[in-house]
Structures are given as structure tokens and as C-alpha cells.
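Below sits a lone chain in C-alpha cells, taken as the form predicted alone.
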């Protein structure tokens, strides 16, 4: 049996290291930037696959491979300009081949996910992971050509609509032009939110009024962490400038204290629920953030220094802190080896739940969610 999985471009080597440590029975089979396949034990159960998804820091989506399709040059229009009609014909032929694989494997499908492996690291040359118009068209054509009534379980034609627990997902991954992997995965209770979306890509688009790209990773981070940040909560944003993370908190009705010696964007600075503390956190009066419920931080320093900065506000007994959401910068991928030490340090501060993930919109960094459940 084979599994295929996607990750961030550039993270493949450290991802392979993680898999060798967590799942020594897995054997690398095929790889492209942002996409890996593994030969795994034939007796691997859906629960074991779910365990893989839950434990991996770098895996976005994981599916059991059913087969692959490599279209001929003439089928993908390499030798002639691809008109809309030609594109539709090509995708229709592809859809028929995909359904043939699904029927051969006798799977009942509740939903279809289509995605393309990332071509670049997020944020590089304006690239952000998303579903292309061609893949959205393929999704529509797959539904139109599903072999009914056997596949009447397909009940949603929006490619970005989140899957539901206990659904079986037909997964189509575009690796290169005309080259596709076909797989299947089951949505079980307790999986990370990314498993519910094609390619593990949450449908988040940077708004026109976003003051920085940090908006993307903290919007994704709050959805992933499921932190209930809401109206009236008091939040501390360490390293706030120019204000992308603060903007996410303000959109949820929170009151934000932004600590940073640098200038804030005027949109954030003029918001009635925002207060700028133009200083470093270790030079800020403690009384100013006495009532903080949540802390976010995005500081361009080594992980140990980020934890040093967070330790003082996180360990104070007079702060009703419920959780922290922050990035750890990986200036070298080898810093991941110290992750167990970082997590243990956070637990020693009284955080019951500590989760770590390289999110879709993170760069060479990890997002950490630390929460006090009591």
C-alpha cells in the first residue's frame, strides 16, 4: 500500500526525517517539491493514517494512493493553444479515467478534493497556495461525470466546502502538467482542520485592506488552533508592527495591545480597540498587560529567544492568560530537532495543550498553539 502526502516546498528533507522517526516502517517511494509518496505496511488501518496526520508537524493532507494518470501530450494540448473547449475536453477525459480508477477500487465517494502541489514556497514571488481555476473546473466535471447512482453520496459542488466527519474523500493531486495521483482518505473525528479541505489548504485569501502578510498566517492559525478569541477579549500582540496579526484579532472584536518599537500601519493605529505600546516587551510596564486573555507573537528571532520573550508574561500569576499563538522561526531546518525541548518548556509554564504545525501560509517557520484548559 502507498500513501501520498503534501507539504511546503523546501520542507521535504525535514519531513522525511520526521517520518523516519515517527513511522520507521514507511519507505520513501516518489517525491517532488511539496509532494511525497511512501510504501507502507499493507495492514495499515484508517486509524493509523489518522495518527500520522495528527502527529506530523509538516503533513498537510494524507491519502491512500489508488493509482496515477499521466496524460499524453496531445491530451493536454502541449502542441497547440488550449482553447476553453479543448480544456473542457481534456478535463472530461481525465475525469473519466479518474472514475475508472475509483470504480476499480470499489470505493463509495462522499466528496471530491482536487489540489495541486505548491510550485513555490508561500509568499515567494506573490505565490500563495490555492485552488486554480482549472482545478475548480476539474472538480465540477468530476461531479458531472460521476457514475451514478453508485456515487450519489457526492452532495456538494463547492470545491472549498469543508468535508464532514465519516465522509470518504476522493483525492486528486496534480503533480506536473498532465500528471495526477489519485487517492482516497476518510475524515475521522479529531483530525486537524486542514484535513477537511483539498490539499490541506484552507480557503483564505489576503484581503485588499490587510496591512501585512502576517494576516494570512494568524487567520489560519486561529482557525487551526480553535482558540475562542471573541468580542471583548484582551489580547497582547508582541512584535505587532505593522499590524497584520492585530488586524485578525480586531476583526473578532478583541481589544489589542500591540507592543513594538516600530511604527504601526495607520489602519491599525486608528482602530478604537487598538493601543500601541511603542516599546520592547521587556521594557514595558507589567501593569499595562495585567488583564490579557491571549498572546500572539511573530518575532524574527531564533526560537529560544522567542520563548525567552514570552516566558515573563506567560508565567505571571496575576494574568488570566488562556493561551498563546506564536511563530518559531527556523533559520536552519535542523532547529526542528529541538522541538521536544521547546514543547517541554511551554508545558512547564502550565500549558496543558501544546500543538505545533507548519501551516499552509507559514514560511520557514512553525506555528505554536499553547492553551490552558483549566
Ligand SMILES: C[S@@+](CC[C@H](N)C(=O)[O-])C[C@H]1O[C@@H](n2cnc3c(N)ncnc32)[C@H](O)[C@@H]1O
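No experiment lies behind these values; they were computed from the predicted model shown. Numbering follows the first chain given and starts at 1.
Keep in mind that the form predicted in complex with this ligand is not shown, yet the notes after this line are about it.
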The listed residue (219, 298, 174, 167) that reaches within 4.5 Å of this ligand in the model of the complex by any heavy atom is 298
If you check 204, 281, 229, 131 against this ligand in the model of the complex, which one has a heavy atom within 4.5 Å? 281
Thinking of this ligand in the model of the complex, which stretch from 98 to 106, 194 to 202, 254 to 262, 117 to 125 has heavy atoms inside 4.5 Å of it? 254 to 262
Is residue 225 a contact residue for this ligand in the model of the complex, using a 4.5 Å heavy atom cut-off? no
Give a yes or no for residue 186: in the model of the complex, does one of its heavy atoms lie within 4.5 Å of a heavy atom belonging to this ligand? no
Spell out, yes or no, whether the shortest heavy atom distance between residue 305 and this ligand in the model of the complex is within 4.5 Å. yes
At the 4.5 Å heavy atom threshold, is residue 242 in contact with this ligand in the model of the complex? yes
